[in-house]
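Below, in structure tokens: the form predicted alone, a single chain.
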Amino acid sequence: MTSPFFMAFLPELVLLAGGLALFFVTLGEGLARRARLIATATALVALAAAVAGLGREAVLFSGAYRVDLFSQVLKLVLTAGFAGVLGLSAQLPDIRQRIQPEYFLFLTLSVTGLVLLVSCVDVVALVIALELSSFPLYLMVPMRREREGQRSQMESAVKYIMFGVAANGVMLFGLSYLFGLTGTTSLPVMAAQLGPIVQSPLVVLGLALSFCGLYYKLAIFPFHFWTPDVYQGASNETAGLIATLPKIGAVAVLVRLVSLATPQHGTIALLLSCLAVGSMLFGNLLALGQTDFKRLLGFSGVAHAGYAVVGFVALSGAGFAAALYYITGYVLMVLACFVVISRVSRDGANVAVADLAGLHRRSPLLAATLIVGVFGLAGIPPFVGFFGKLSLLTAALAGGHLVLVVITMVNAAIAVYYYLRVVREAVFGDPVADAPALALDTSTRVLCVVLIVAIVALGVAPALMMDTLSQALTAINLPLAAS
């Protein structure tokens, strides 16, 4: 039975109401604390609405927007991530207080766009939601406080915008090919009509170009150029947002678009394999020489995007589920790293790997959070990164991509070196003489514990998440029902 509109659309309505409230707050002066409270309340209520919405189904806006298990599970992940990012942003030392209300407004609008994005099954709605999630981020990057002799945030913002606009333009060009071939903007109808002609060069070209905007979001090589500079130039909290939640939206849409191809479509599989190999090699090799922790995570993110694409190469439900599971775990692990960065940082400055020396003495909880996050990223059991990589490799091997599996394993081994370098500094390094002990507030402690538990739990007991994602993926191929 179809749910009422307001119940099916409840998480989105909560986020839109929170964004409207924050807009009115930005009209006043000195209301940063109130804006933070409204944003936090919006995230928690939206999370509760997403939990309540699990299992609900509806088709809204003349079939352009579908609420199903696939979208509802991802909305739950996104709203939980929103709450985590707000916990990360409790202090904002590098954002001037007078513009902090605008910061929280843009943060809420970006998450709203991502929540809308995972339910869009029409090209027009998808593009609008993608832009809504992107443009607030373009504005958040240059909001970082200027330092003497340092205006890297301006350069980062320009790169972010220019590459983003270019990638979106290429994506729209590819979608226009698919529309011209099918005469529809509905993805389910488009999939049915492309089936008989999926081997056509025009279809391959249209799909390849359509993927570009999502490659940019994921920081897939060679669409990665903005990543290390934006991570380094943006404030620690903004970089934490850019490094996490948009990647979930990109993988969700990539699932819808890649599913237009069939497992027998070798050209698309070859294209995805080349992108995965290029991203893994480029990201891991350049991460080896990084001294700034955020730049290291930036190049590492390029490599992890390559790992996620490995799941798509099989062009199967198991591969798609593995990619979604992996990117969810990646968000948790990277968020754990950015919690450490934001709390170790002095007055919002960037954190070098050497600045983590002796972290276990300054704050045992932060050190534990960093170790769990970094070990997870390295793919060491029993953390979620290990089972995520295992599920990706299993799906690729089942699809007959043995060479890709071997290359992925070699890259995972390379990555262990620079991740262990971070752990070595935190555990065995000696803190500098004037480094004070780090006092953590209650929200930071809660966030650290939640992240550690989630990373371990998803690694030790992955079956529930994987089964839920597998069930959710069956929903995106069901025919549209009447609202």
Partner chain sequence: MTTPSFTFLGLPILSVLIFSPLVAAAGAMLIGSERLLRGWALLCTTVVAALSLPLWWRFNPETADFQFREQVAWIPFLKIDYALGVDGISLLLVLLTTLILPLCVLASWTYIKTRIKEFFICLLVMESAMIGVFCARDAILFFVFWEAMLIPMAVLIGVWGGPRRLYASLKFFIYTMAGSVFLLVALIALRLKTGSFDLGGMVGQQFSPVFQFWVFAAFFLSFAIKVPMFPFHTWLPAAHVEAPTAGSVILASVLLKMGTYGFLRFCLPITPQATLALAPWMLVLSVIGILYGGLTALAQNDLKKLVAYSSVGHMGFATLGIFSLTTQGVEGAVLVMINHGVTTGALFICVGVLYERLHTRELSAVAGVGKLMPVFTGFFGVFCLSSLAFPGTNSFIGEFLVLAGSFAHSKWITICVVPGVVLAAAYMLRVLQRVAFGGTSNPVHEGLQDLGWREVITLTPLLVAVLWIGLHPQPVVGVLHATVRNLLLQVGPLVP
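Keep in mind the model is a prediction, meaning the values are calculated, not measured. Positions refer to the first chain, counted from 1.
Not pictured, yet referred to below: the form predicted in complex with the partner chain.
For Tyr216, no non-hydrogen atom is located within 4.5 Å of the partner chain in the model of the complex, even though that partner is not displayed.
Among residues of the shown chain, Ala463 is one whose heavy atoms approach the partner chain to within 4.5 Å in the model of the complex. In the model of the complex, at least one heavy atom of Val416 sits within 4.5 Å of the partner chain.
In the model of the complex, the partner chain sits within 4.5 Å of a heavy atom of His360.
For the candidate set Leu270, Leu202, Ala398, Ile197, a heavy atom within 4.5 Å of the partner chain in the model of the complex is found for exactly one residue, namely Ala398. Out of the listed residues Ala352, Ala208, Ile128, Leu390, Leu390 is the one that sits within 4.5 Å of the partner chain in the model of the complex by at least one heavy atom.
Across the options 277-285, 344-352, 86-94, 360-368, residues that bring heavy atoms within 4.5 Å of the partner chain in the model of the complex belong to 360-368. Taken together, Leu13, Glu29 and Ala166 are entirely out of contact with the partner chain in the model of the complex: none brings a heavy atom within 4.5 Å. Contacts between stretch 228-252 and the partner chain, counted in the model of the complex as any heavy atom lying within 4.5 Å, involve no residue at all.
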